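We begin with a single chain expressed as structure tokens, specifically the form predicted on its own.
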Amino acid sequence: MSGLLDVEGLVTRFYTEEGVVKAVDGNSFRLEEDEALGVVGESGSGKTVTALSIMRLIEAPGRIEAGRILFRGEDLLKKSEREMRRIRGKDLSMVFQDSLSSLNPTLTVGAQIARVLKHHTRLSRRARWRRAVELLAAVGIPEPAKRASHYPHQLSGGMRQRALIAMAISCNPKLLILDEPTTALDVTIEAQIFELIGELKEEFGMGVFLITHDLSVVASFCSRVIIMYAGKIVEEAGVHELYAHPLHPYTRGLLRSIPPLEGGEARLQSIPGEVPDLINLPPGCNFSPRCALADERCWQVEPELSGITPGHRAACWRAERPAMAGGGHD
């Protein structure tokens, strides 16, 4: 039985003058109906490219080379561009992280929402505008009738982000992809945005695919999380299981770099080294050059993502060893 979204063996690469960038390298995962799935990793881990691949928005010199992207049982990679235009914005929507560049500066926010409605519904012009105002109200924008007539530069960053969300949910999508939706917003606005998305998720029964670098955000919003590193999924688990029993050294490094959930004092640590060049990846495990636990096998043979316990997958040769519980970069 399929989920809302089933990604199988996805490979997306970019062909540059310097070489082939292995941006997404053979990943598989599932997102269920009404589920919020978090995707976490440093810049360059492949999170956004995964989302753009799902949306079929990869442009040259990039291309999707292998795999299947099953949305409600249908492979999006077999759809024509015309079919994808009908799906995008209606059943499948994405909110990008840069609200100012994502909105058209020459159109009011109300007009931009109305354009989405025009493309996907049979509402009259007046009804589309009325619906745009209702959506701006639904996402918590004050004086929505007035704000609908404003241009993006006339709105604050938080309001622009809310306007993007209003646009994304205008046709009640089945899946909402959020790419760092609260970047550059203060923590108060961030909390309000995620509270809003949670309410909309419950109201419309949406699945949510949340891309972030912040595990603390995932802990409060998602039920399950995927950890990506250098184009590959290295760990996947329920959020509570991941926090309680992280199996991959990279995951534990990420967890040690955020404040503890329940307060208290703890020395925050960074992960030594840098994400490898996706053109010249190291042999064996991609994380080996940064891992204090790496042994000869880690340097030579790439571990597969496999189930360690029910519902918990990891790609690490040391995942089942007792040393994993207390080792790492201490």
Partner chain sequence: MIVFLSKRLLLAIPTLLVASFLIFSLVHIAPGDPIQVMLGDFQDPELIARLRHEMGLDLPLLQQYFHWLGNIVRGDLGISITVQRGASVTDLILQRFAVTVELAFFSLIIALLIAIPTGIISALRQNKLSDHLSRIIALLGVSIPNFFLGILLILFVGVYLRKPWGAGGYVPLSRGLLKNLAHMFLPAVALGTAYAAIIMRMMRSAMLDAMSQDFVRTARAMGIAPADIVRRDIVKNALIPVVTVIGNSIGYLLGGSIVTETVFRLPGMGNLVIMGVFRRDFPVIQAVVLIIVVVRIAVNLIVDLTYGFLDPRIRYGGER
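Numbering follows the first chain given and starts at 1. It should be emphasised that the depicted structure is a prediction, and the values quoted were computed from it without experimental measurement.
A second form of this protein, the form predicted together with its partner chain, is not displayed here; the remarks below concern that form.
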Picking from 105, 73, 198, 205, the single residue whose non-hydrogen atoms come within 4.5 angstroms of its partner chain in the model of the complex is 105
Answer key: of 116, 234, 139, 230, within 4.5 Å of its partner chain in the model of the complex (heavy atoms) is 116
Is residue 96 near its partner chain? Define near as a heavy atom within 4.5 Å, in the model of the complex. yes
I'd like to know whether residue 101 contacts its partner chain in the model of the complex, with contact meaning heavy atoms within 4.5 angstroms.
yes
- Message: Just checking whether residue 121 would be counted as a contact of its partner chain in the model of the complex - the rule being heavy atoms within 4.5 angstroms.
- Response: no
Classify residue 172 as contacting or not contacting its partner chain in the model of the complex by the rule of any non-hydrogen atom within 4.5 angstroms, answering yes or no.
-> no
Checked 130 to 151 against its partner chain in the model of the complex; residues with a heavy atom within 4.5 Å, sequence order, are 151
